[in-house]
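Given as structure tokens, the chain that follows is alone and in the form predicted on its own.
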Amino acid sequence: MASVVGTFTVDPRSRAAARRRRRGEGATGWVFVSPSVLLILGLSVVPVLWSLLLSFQVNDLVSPSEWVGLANYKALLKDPSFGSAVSHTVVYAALYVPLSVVAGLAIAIALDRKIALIGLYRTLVFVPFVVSAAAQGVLFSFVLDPEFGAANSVLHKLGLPAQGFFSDPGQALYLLVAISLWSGTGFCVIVYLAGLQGVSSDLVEAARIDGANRWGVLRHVTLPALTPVTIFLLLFQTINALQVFDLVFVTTKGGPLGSTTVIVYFIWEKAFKTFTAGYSAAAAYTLAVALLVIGVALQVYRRRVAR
């Protein structure tokens, strides 16, 4: 190095060596992450782009495809089966999302205290959430079997008439909501319990000094503090509700009489039973756009509340 007016100038050869070293480190990093990048591209990005192109084609997964433009999307608007699937999904989501969030909040508030065996109670509430939907479906298919299930046996002993349960078009969808609530509410409870730990005890104490009762503290302190948590749960539960499939597939397979055919089951049925893959892809992208709109709307609302 040479001294110039009290400063130091770096040898150009040192700069070149440093650049080569940085390039070498960058190349080494890309070598290590390239398998993961290729895996993500192969299993996520490529299928998404391929299915988007597929939605503009007539394709049965066997013969050569034919480009039809927006014909698949126009056909969806006129398809009564798709309309029924959308209505069933909306009913399911309209019941499941608010009930799971409200029940989760109520249970979380009840469990947010120091009592004996509180850890056990919290664990018991959360356990159903970790049970797979397929296992839940098998379990409740046995319990709610119209002929040999335990539920009708109990009703018989109580002198009540037997029920059709999953074989009754008027009951099947609501039973799916009930099963989903049994399993999904636990997640809301755990998230709300975590959120309750962040509620300022100083604000709660100040509200009580000002004369607020338990309801007043809940309304004016706890609920506003939990707004970000509530928005997250609304988005998370809505996405889960609109994507419900495995529970339907295991229990009712869209029946009876199509009363539990939801959007994702409709997509699967069109792709792998009737082999209209292009039509199925169009339905899938319609659902994706709906999820995107809901997600953006909730994010905009969250930002407005934060301001």
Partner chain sequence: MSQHAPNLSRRDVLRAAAALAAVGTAGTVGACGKNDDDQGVGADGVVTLDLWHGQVDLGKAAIDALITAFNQSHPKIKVVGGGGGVTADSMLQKVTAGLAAGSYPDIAYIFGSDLASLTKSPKVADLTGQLKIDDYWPAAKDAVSVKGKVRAAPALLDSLCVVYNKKLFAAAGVPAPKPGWTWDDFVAASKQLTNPAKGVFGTGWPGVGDEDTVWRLWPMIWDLGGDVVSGDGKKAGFDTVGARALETLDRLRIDKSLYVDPKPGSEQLYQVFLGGRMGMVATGPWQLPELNDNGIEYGVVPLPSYSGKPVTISGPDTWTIFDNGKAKVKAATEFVTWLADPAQDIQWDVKGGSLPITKATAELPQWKKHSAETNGLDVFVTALDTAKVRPTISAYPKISQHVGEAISAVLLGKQSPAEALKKAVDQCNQVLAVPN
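Superpose the two forms; the largest set of C-alphas matching within 1.5 Å is the rigid core. Residue numbers count along the first chain shown, from 1. Here the structure is a predicted model, which means the values were calculated and not measured.
The same protein also exists as the form predicted in complex with its partner chain; that form is not shown, yet it is the one meant from here on.
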Could you work out which of Phe129, Phe142, Tyr174, Tyr73 is the residue within 4.5 angstroms of its partner chain in the predicted bound form, going by heavy atoms? Phe142
So in the predicted bound form, is its partner chain close enough to Phe272 to count as touching (4.5 Å, heavy atoms)? yes
Taking its partner chain as it sits in the predicted bound form, is Trp215 near enough to touch it, meaning that at least one heavy atom pair lies within 4.5 angstroms? no
Answer for Pro256 alone: is it within 4.5 Å of its partner chain in the predicted bound form, judged on heavy atom distances? yes
Is Ser44 close to its partner chain in the predicted bound form, meaning a heavy atom pair under 4.5 Å apart or at it? no
Can you pick the stretch from 219 to 227, 147 to 155, 205 to 213, 174 to 182 whose heavy atoms fall within 4.5 Å of its partner chain in the predicted bound form? 147 to 155
Please state whether Gly69 has a C-alpha shift of 2 Å or more between this form and the one not shown, with the rigid core used for the fit. no
Align both forms on the core first, then report whether Ile40 has a C-alpha shift of 2 Å or more between this form and the one not shown. yes
Would you say Val31 moves between this form and the one not shown, meaning its CA shifts by 2 Å or more once the core is fitted? yes
